[in-house]
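One chain follows as structure tokens, the form predicted alone.
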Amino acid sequence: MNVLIIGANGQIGRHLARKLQESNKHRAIAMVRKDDQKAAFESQGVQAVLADLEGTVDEMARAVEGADAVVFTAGSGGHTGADKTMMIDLDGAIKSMEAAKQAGVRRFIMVSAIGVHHRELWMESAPYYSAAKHYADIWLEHSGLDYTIIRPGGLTNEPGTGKVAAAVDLDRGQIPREDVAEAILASLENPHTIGKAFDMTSGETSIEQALNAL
């Protein structure tokens, strides 16, 4: 499976690219904005394409061509304001879905955020971030794409354990970025996850078992 990673230069994206390449069953395609990022991925043997989430849908559709699945794990980052969050985490996500449909790619995995499907759980410090994720997820659910929405808890850089909790609703918790990447890979390989949206934190169940129990 050829998997286009939107947000490949982020920490989850880099974990995912490595895991896809190591799987010997899939091929990562890194979508990045800058020539130096493209060169860095290509030096690691990962195909890379240039496109910008603030560009046109047509530009992004050209990047999607040749992929079998799209993973959206991009984000505006914690140091930007509400305007950039809306343009990347909301509009950029929706344009990615439109580009996938235009390119004829049905499988789409979204990395969202824990609890954003409940307004009462939105982040008090940055409600615009939760709103962007909330409405991007809703758009995906109504897009007609074969979607999976993973809503991870607080992200850490601890090594992955391969053990998680996954359910429609979970109490807030943390999860290593590496385990999120592993869950994305497992979701790509598991048709049971199509049409599912769920919270995910570290837990006591293997990723495969947790996904099968959804």
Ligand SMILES: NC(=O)c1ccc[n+]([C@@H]2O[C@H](COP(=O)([O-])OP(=O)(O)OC[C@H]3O[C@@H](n4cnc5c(N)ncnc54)[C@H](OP(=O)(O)O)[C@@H]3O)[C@@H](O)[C@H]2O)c1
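Owing to the predicted nature of the structure, the values given are computational and were not obtained by experimental measurement. Start at 1 with the first residue shown and count on from there.
One more form of this protein should be noted, the form predicted together with the named molecule, which is absent from this view; the next part is about it.
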Please determine whether each residue of 51, 129 and 152 possesses a non-hydrogen atom within 4.5 angstroms of the named molecule in the predicted complex. yes
Counting any heavy atom within 4.5 Å as contact, can you tell me which stretch out of 160-168, 63-71, 33-41, 141-149 lines the named molecule in the predicted complex? 33-41
4.5 Å heavy atom contact, residue 20 to the named molecule in the predicted complex: no
Check whether residue 75 has any heavy atom within 4.5 Å of a heavy atom of the named molecule in the predicted complex, and answer yes or no. yes
Report whether the minimum heavy atom distance between residue 111 and the named molecule in the predicted complex is within 4.5 Å. yes
Any of the heavy atoms of residue 9 lying within 4.5 Å of the named molecule in the predicted complex? yes
So which of 97, 136, 88, 105 reaches within 4.5 angstroms of the named molecule in the predicted complex, heavy atom to heavy atom? 88
